[in-house]
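The form predicted on its own is given below as one chain in structure tokens.
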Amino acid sequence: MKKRVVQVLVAAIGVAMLSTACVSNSGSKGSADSGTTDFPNQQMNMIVQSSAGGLSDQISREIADLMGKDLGQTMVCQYKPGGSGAVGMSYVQASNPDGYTIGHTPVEMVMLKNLGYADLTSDDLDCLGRAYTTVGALVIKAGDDRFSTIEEFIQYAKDHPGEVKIGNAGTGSIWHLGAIGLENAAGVTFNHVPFDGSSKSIAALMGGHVDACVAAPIELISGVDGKELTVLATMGDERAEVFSDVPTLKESGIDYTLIHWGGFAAPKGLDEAVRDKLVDSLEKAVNSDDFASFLAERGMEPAFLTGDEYETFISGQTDLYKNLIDEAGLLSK
């Protein structure tokens, strides 16, 4: 039923946006038909596929600021949460391909069709480039006297099967699949609780409505610094620099890793000159010292890819997550 509601919502947005696109194509300033030599010459839009406050928001705002400065135009973030990113990415897909609308495309982009949330794949967008990678982290509310280490947490979950509530950024999101992967690797059973974005799942954790969350370091730092949250383990091959005192799952005897990545895309059909400008500006932003410092403070790394290299990477990730979704029993039939 939930998948059906999301599909209807995405379809409705798609129809509305396609109608808008048809109107704006006939006389929009800066459209593909009106010439591209002065692109961009007006405000640009960055579509964020989640709620404000989470990883997608912070990354999108930083890239929007850097690209806006490079291109000489203001780039404004607009929030379109829902359906594990389906609403926001479908909005980008249906927008006018004039270069004035781009959107954040996290790893969930390769999952939406397999989950039945939207009839959308990377082929339906103009994927400009990958921007970053990061790791998953398991976090609890500070002061929870039931468990203070990852070993105690897993033992508690074994002793209370199905009772431990794990918040995530939405059904089928990377953090939902991350929690399922942890569940399988540790031999436990969790109660998975979806929210529209990580910021809401973390707020629920702070409010005592769930027992733990899987999220990215960037989404947890303020809560950890404020002594409201405690990170039990990170999910990379090595410790996250920002949480250097926190062990990885592998160190704790759980053979499991989870890497999150994301990039940016535009509607299909960009003028080649416009696309080149956007890719060039994105590459400058990702490879800038400002972005590197921004990511380092949050346990993330710049990781620019574009062109054939990015397409090959996306293809491999699509196959990988299709298998994970199938294993989780979420594959759309």
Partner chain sequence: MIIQAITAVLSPDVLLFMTIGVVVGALIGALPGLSVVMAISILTPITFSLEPAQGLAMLIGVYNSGVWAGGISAILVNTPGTPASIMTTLDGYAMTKRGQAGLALGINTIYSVIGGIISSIILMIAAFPIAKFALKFGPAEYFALALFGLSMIIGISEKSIIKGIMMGCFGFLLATVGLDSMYAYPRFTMGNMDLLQGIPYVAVMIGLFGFGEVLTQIFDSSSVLEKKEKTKIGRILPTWKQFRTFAPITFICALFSTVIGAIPGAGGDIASIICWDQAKKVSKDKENYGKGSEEGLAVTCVSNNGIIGGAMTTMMTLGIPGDAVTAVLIGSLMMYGLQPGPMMFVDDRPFVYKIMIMMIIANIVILVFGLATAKASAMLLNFKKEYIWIAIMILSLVGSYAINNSVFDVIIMLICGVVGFFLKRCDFPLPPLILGLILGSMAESNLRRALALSSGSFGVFFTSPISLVLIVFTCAALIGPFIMRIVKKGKKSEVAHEGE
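Positions refer to the first chain, counted from 1. Just so we're clear, the structure is a prediction, and the values are computed from it rather than from any experiment. For the two forms, the rigid core is made up of the largest set of C-alpha atoms that agree within 1.5 Å on superposition.
Omitted from view is the form predicted in complex with its partner chain, to which the following refers.
Only one of 282-290, 267-275, 53-61, 302-310 places residue heavy atoms within 4.5 angstroms of its partner chain in the predicted bound form, namely 53-61. For the chain shown alone, residue 222 is a contact residue for its partner chain in the predicted bound form, at least one non-hydrogen atom being within 4.5 angstroms. Although the partner is absent here, residue 90 is a contact residue: one of its heavy atoms lies within 4.5 angstroms of its partner chain in the predicted bound form. By the criterion of a heavy atom within 4.5 Å, residue 161 is excluded from the residues contacting its partner chain in the predicted bound form. Although the partner is absent here, residue 239 is not a contact residue: none of its heavy atoms lies within 4.5 angstroms of its partner chain in the predicted bound form. Exactly one listed residue, out of 144, 196, 151, 183, brings a non-hydrogen atom to within 4.5 Å of its partner chain in the predicted bound form: 196. Contact with its partner chain in the predicted bound form, judged by any heavy atom within 4.5 Å, is made by just one of 246, 206, 259, 254: 206.
Along 91-125, residues 117, 118 each place a heavy atom within 4.5 Å of its partner chain in the predicted bound form. In the core-superposed comparison between this form and the one not shown, the C-alpha atom of residue 220 has shifted by at least 2 angstroms. With a cut-off of 2 Å and the rigid core superposed, residue 100 has a Cα displacement that falls short of the cut-off between this form and the one not shown.
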